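Take a look at this single chain, the form predicted alone, given in structure tokens.
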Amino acid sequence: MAKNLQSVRGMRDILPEQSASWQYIENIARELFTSYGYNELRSPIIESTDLFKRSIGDTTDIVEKEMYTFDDRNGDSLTLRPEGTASTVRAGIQHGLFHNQQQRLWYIGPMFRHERPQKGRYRGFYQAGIEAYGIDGPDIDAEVIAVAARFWKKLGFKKVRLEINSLGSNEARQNYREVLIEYFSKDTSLLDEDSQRRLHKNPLRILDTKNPKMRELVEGAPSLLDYLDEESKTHFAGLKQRLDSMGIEYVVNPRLVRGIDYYNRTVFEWITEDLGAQGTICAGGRYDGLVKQLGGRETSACGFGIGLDRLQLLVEEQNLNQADNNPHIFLVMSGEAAELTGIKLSENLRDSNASLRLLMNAGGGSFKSQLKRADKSGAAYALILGDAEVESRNIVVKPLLTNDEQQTISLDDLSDFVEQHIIN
């Protein structure tokens, strides 16, 4: 007997009963990003592997361990996108979006990383993000963070913490890099295998280690903030001043470096304590050199990425408001004349009430069996139509979620009744 096919490990189906919370999050994201003047960009799921190697960094976990990479029939190396920023920059360069202009963009869609699946972390996951290009000052950093802060308010999240840091200029990072190499080289036996490999390639990544055995060593490392150039110090001070002005609370975390190489100056993370180890729900910062690094002109850039899977877990676990996908009406019909009238009636109601969610019975069945389907559908009302009602030009309106009495109204008055009493 053939074995039943299952989804690939780390990939998952989002079932109908879960889709309401997803739509709730996605709808708020689209409305929020648009309200700040950001425009949507949709990029392909598959990109050239070289795009991510050049942008994310050869020594990052993403490139070294996590990407889904394969050769196509032409022998080209392709990768399922592991994050959204590199694709956005590639599209911006390719289509001339960054030339002598500012751009505010947002994206939403599936990403892929071969990580160890656990609560809130999947190999196929969804991410939303915003990206601002061509704006150099700390004002845009503050705006990007403010968008995220408003997102949590709209979702109803209360226990979310903002951590910020500055990585400084490329020159400052290079100087700090040498300081870290000297510090961690004093006793390399204290470094785990990943850290020893990264020591001379990218020692800042050691600060991002998740190995608890190295916590004391990392905490004793020199602080990057002590090695910032004056311009970066001024930029970071300007960011903090603007966050203070907006009343957005934050913690300066000098060990925050992010796991992607393209960041410079401002970096930040939003963290919740309600998801255990997978507490980071939003991360971002500046990546002023990325456009040039990928072949474009020197362009300032700032943005964030949000893991929607983790947000969906919080929405469900905290019983926050969700999109209502249940029908307003379930149309019960019995008899040939009732079915012919009902199908026309359904379309007329949809024409006159654009927001109406109406589920029409299909496949026949007795009044009793159809009413069971109506109850199961979650509809607020059943409209009951038989041949006798067709002949008298009436219809029965039966409340399903309350104990109110059912009533009979004229078919001619039904559209107005639906508008006044069912939708509103």
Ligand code: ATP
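As the structure is a prediction and not an experimental result, all values here were calculated from the model. In this text, residue numbers run from 1 along the sequence as written.
One more form of this protein exists, namely the form predicted in complex with ligand ATP; it is left out here, but the text below deals with it.
Heavy atoms within 4.5 Å of ligand ATP in the predicted bound form map, among the stretches 291-299, 327-335, 107-115, 225-233, onto 107-115 alone. Residue G120 is the only one of G168, G120, G342, P203 with a heavy atom lying within 4.5 Å of ligand ATP in the predicted bound form. A heavy atom within 4.5 Å of ligand ATP in the predicted bound form is found for one listed residue only; from I145, I130, V89, C282, this is C282. Taking the partner from elsewhere, R310 is found to have a heavy atom lying within 4.5 Å of ligand ATP in the predicted bound form. Interface residue remark: I62 is counted as part of the site for ligand ATP in the predicted bound form, having a heavy atom within 4.5 Å.
Mapping the unseen interface onto this chain, G134 falls outside it, with no heavy atom inside 4.5 Å of ligand ATP in the predicted bound form. The closest heavy atom approach of K210 to ligand ATP in the predicted bound form falls within 4.5 Å. Using a 4.5 Å cut-off to ligand ATP in the predicted bound form, not one of F33, K154 and G303 places a heavy atom inside that distance.
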